[in-house]
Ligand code: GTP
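Quick setup: one chain, the form predicted on its own, written in structure tokens, and binding and motion questions come after.
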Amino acid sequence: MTEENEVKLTDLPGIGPTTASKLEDSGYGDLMSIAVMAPPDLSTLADITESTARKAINAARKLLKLEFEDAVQYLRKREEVLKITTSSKNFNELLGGGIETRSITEAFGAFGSGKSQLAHQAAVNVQLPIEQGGANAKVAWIDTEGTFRPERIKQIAEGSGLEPEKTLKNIFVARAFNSDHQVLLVDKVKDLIKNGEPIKLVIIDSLMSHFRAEFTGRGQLADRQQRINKHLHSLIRLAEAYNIAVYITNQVMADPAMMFGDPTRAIGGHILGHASTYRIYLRRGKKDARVAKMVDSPNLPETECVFFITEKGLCDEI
């Protein structure tokens, strides 16, 4: 989908600089968001005629080649997918090789289960050469809870044989102070990429924190889910367009209807569950171990693995 990198909204028929600016301010700043719109909606949003809107939408669809392709072509695209190592062979096997690009990997679990530790590990490992399980790339980290620790990055980098200062410079960090800011920062990631930054991993730790705090009560549930849905689809488009791995952490709640077994459930509802390509449940195990369980995947079995968190990062045994 390299056309999205090269073509601007102003290249579409009937979309001038003023109209393009209006669309970008409304959150429709890429070709895909235009291509999937209905002509009446674009007409109203951009204040253009419905005929002009239809021409712009058709042009965007042609540029993005939104049509069927045979599975052989799709397989060739899949060959471009990268797998970012977790530094644990057990965990890599659970994930089918590592944290996958062009996908959203969600990790949910209670406090101290290892969600943010995995984020720090991935932020270092994505900088490794491809043959070592990295992507030779940089990271964009959206921190919603103040959990990013540069000191931890330095520890893991030293344990991986990387230069700590250089490793830190390859991580772009932004603290999101509310849900609107969080959504805006995803667009800022696109700006970094367009400015030439080789970003292959986007981390949001955690995705639901602000939405959960700002939208309270059943009366606001529909609005909250709608905003989360739009936010997640922006992340999906980002992952697909630029071959990026998106790693998100999520909070949990206890399901009161669960009479037997583990009552822990991820928050966010079905919208988040369907948007995540891979869902992993993390919990504490015996003797300082952590347990990762694959809860949902399009191609991997529902299995578990054990790993440990040490000063040098994730590993299989201590």
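Worth saying up front: this structure is predicted, and the values here are computed from it rather than measured. When you see a residue number, it is the position in the sequence shown, counting from 1.
Absent from the display: the form predicted together with ligand GTP. The rest refers to it.
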Which of 149-157, 237-245, 224-232, 80-88 lines the interface with ligand GTP in the model of the complex (heavy atom within 4.5 Å): 149-157
Any non-hydrogen atom of Thr310 within 4.5 angstroms of ligand GTP in the model of the complex: yes
Non-hydrogen atom contact Glu145 with ligand GTP in the model of the complex at 4.5 angstroms: yes
Touches ligand GTP in the model of the complex: Lys115 (any heavy atom, 4.5 Å): yes
Heavy atom of Lys55 within 4.5 Å of ligand GTP in the model of the complex: no
One residue of Lys293, Arg61, Arg284, Arg265 in contact with ligand GTP, assessed in the model of the complex (non-hydrogen atom, 4.5 angstroms): Arg284
Heavy atom within 4.5 Å of ligand GTP in the model of the complex - the one residue of Ala174, Ala110, Leu192, Leu184 that qualifies: Ala110
